[in-house]
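Starting off, we have a lone chain in the form predicted on its own, written out as structure tokens.
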């Protein structure tokens, strides 16, 4: 098995990183957090631009109007999305593009913002509800489309991540079944891998931010990166990121070609290692930045809070640990 990226895959990742740097740089991120908060924290103009790049139809066949790429390429794109801290239900809308009917067509084109929640989640929290056009509920028997007008939800006043607003839903009305149990299981695995890719991007960005700060910040007449305590923190962050990268790429390849490995092992492994890399790197990055790391002006805490949110999506640590243990 060759795990080296092809030139086309490198170009894809590089091109999408350039897009993120042009269209969602730090000023736009801070503007979204501090000033211009759109409904559900989804910038419709940015959403349309993401659709034009093919983010949502990336894995659809070309005959169906898609780009015709695989999960391996999607993981590279979502790694860059995590690195840029792009807001919105990106994974849910990308997954919905593979579903039949109006929901799939609208998600693929970017005309619809699609939310996806798990029926067995307690309490049931729905992300970006004020922005989603279609809300889907995943359960073991399939995917259901919920009539939003029949939904009673209460906004959470202080969500962990300011870019991921939440609503608490007490009861879920019956919805129309639009996909079967096999589709629900497939979306869970694909969602876990793509969310792991987002976490990988966060882990890598935190490593970059910390090493750069450690090279610039001086104390006692020398840069703090010269102190072993700080140097070891940065080294550990890099190791965690690269180990997670191998696991995430392996899981993505396995979903494209199950003969390359066992998805039942690769997917939970990738999610666990990427969650660990992102959340622990967030804590270490806060230490490297010292007192500044706790202030609103420094972006480290935005990355850490997003990592905490992603760690609960498409299976939390206990769920993936149990899934992995069941394969032994």
Partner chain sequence: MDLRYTEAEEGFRAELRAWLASALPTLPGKPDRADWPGRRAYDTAWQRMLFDAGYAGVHWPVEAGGRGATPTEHLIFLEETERAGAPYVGANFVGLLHAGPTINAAGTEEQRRRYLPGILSGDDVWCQGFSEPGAGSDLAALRTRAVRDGDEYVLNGSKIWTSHAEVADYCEMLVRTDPDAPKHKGISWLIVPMDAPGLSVRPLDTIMGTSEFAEVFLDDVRVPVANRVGEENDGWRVTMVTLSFERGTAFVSEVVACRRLLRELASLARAMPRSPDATAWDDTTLRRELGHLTAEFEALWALTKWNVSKASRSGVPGVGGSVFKLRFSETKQKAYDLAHRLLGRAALCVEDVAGLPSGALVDERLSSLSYTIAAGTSQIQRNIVGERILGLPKER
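None of the values given here were measured: they were computed from a predicted structure. Numbering follows the first chain given and starts at 1.
Another form exists, predicted in complex with the partner chain; not displayed. Remarks below refer to it.
Enquirer: Thinking of 135, 178 and 279 as the candidate spot, does the partner chain come within 4.5 Å of a heavy atom on all of them in the predicted bound form?
Expert: So, no: the whole triplet misses the partner chain.
Enquirer: Can residue 254 be called a contact residue for the partner chain in the predicted bound form at 4.5 Å between heavy atoms?
Expert: Flag for residue 254 set to yes.
Enquirer: Please tell me whether any heavy atom belonging to residue 22 falls inside 4.5 Å of a heavy atom of the partner chain, as the geometry stands in the predicted bound form.
Expert: No - in the predicted bound form, heavy atoms of residue 22 and the partner chain never come within 4.5 Å of each other.
Enquirer: Does any heavy atom of residue 231 come within 4.5 Å of a heavy atom of the partner chain in the predicted bound form?
Expert: Close contact exists here: in the predicted bound form, residue 231 approaches the partner chain to within 4.5 Å, heavy atoms only.
Enquirer: Wondering, does residue 325 line up within 4.5 Å of the partner chain in the predicted bound form on heavy atoms?
Expert: Although the partner chain is absent here, residue 325 would touch it in the predicted bound form, with heavy atoms inside 4.5 Å.
Enquirer: So which of 51, 41, 272, 60 gets a non-hydrogen atom within 4.5 Å of the partner chain in the predicted bound form?
Expert: Selected residue: 272.
Enquirer: Of 187, 209, 103, 250, which residue is found within 4.5 angstroms of the partner chain in the predicted bound form when only non-hydrogen atoms are counted?
Expert: When the partner chain is considered in the predicted bound form, the option within 4.5 Å is 250.
Enquirer: So which of 212 to 220, 166 to 174, 146 to 154, 87 to 95 is the stretch with heavy atoms within 4.5 Å of the partner chain in the predicted bound form?
Expert: Among the listed stretches, the partner-contacting one is 212 to 220.
Enquirer: What residues in 287 to 322 sit within 4.5 Å of the partner chain in the predicted bound form, counting heavy atoms only?
Expert: Read in sequence order, the residues that approach the partner chain (within 4.5 Å, in the predicted bound form) are 317, 318, 321, 322.
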